[in-house]
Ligand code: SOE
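Take a look at this one chain, the form predicted alone, written out in structure tokens.
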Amino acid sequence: MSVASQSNRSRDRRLPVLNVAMVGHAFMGRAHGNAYRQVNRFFDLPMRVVPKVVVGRDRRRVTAAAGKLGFEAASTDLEAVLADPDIHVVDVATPNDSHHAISMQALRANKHVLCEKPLAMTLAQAKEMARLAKRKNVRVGVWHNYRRAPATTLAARTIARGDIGTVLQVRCVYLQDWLSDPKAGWSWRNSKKLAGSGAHGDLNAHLIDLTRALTGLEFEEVCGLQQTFHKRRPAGGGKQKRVDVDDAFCFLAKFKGGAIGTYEATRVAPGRKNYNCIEVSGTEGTIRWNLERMNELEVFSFADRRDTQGFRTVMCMDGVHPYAPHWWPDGHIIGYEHTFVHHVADFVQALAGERPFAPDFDDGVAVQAVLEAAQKSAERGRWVRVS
């Protein structure tokens, strides 16, 4: 071990410890677990993050997950974990239907909470979670990690300082194709009882949060349209299960102040794997970001000379760009998993009182309000005001 590595390890041991209990260990659990393991290796933080215990329902599976994801222990007893005073943060990485119950339990135990999105199944649940978090005076956050790509953080900065002028329009699409095949198997994401909605809550939630984070705009009215193309899916053993959520969901938006927006989320767009794209047009220019080219920000400005005007691509991985200095030399790109590391780093700094943190549960409420209004609009066939 190098002298520098020994010095870093010694410094980390002197830091206050932040012990994390993570509930759930599937796709999102893997992403979150990696972030907890990596964050102190790349960010100089006021606390040492420790992946302490992962909680699940099946003893064999959760024990295997703890070993694979780097947690010190595994448990099937959530109540015992929440009663442990040495657990400081609870990470809710479970399916949507349990976000509210687990978060409320953790808040009542006076734990800081990080919760997967969408925050809850209903607006009423989300509001209850936000109210309790305030009463308990703990820090909370929602895992809208796409806010924390260097390019999206730069986009928010450029819009805030007026580089594209006054925002007039927002265009958002989130396209996937994993349910294009009608023979694709049924999962909890196809169940209204377990997921709340389909592509709408899963994908539009990200687009709504990105819009608010990048532009500062607040939604006023929405008009939605949804469709389920494949009403039943294979569920094993020759059986089929009913699909009662949307495969695709589109909506129009009016923002306070006069701007407008269009949104499309689908899981049945062949060839699109994870095409999460937001374009913001203002009076003086446009910015565009696409997750599949997540280190790049496309920028157009009327301030450029007329004979060389056009979209230019900014590689957002130089020392002047958000988060980039913590990683590699200029131009060495990062990936999806790094946005989760940034999320944890910012949350730890917020816990130490060094900065505010967003999105918190109030932001989760705001997203839920738009989701619910758009859902009501699709059902009623008319514009609905966002509460």
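For every residue, the number given is its place in the sequence shown, counted from 1. In this text, all values refer to a predicted model and were calculated from it rather than measured experimentally.
Below, we refer to the form predicted together with this ligand, which is not included among the displayed structures.
Checklist entry - So which stretch, 101-109, 202-210, 74-82, 221-229, is the one near this ligand in the predicted complex (non-hydrogen atoms, 4.5 Å)? => result Stretch 202-210 is the one.
Checklist entry - Which residue, 334, 28, 53, 348, has a heavy atom that falls within 4.5 Å of this ligand in the predicted complex? => result In short, 28.
Checklist entry - in the predicted complex, which of the listed residues (139, 272, 127, 189) lies with a heavy atom within 4.5 Å of this ligand? => result The option sitting close enough to the partner is 189.
Checklist entry - Do all of 117, 146 and 176 end up near this ligand in the predicted complex, with near meaning a heavy atom within 4.5 Å? => result Yes, all three are in contact.
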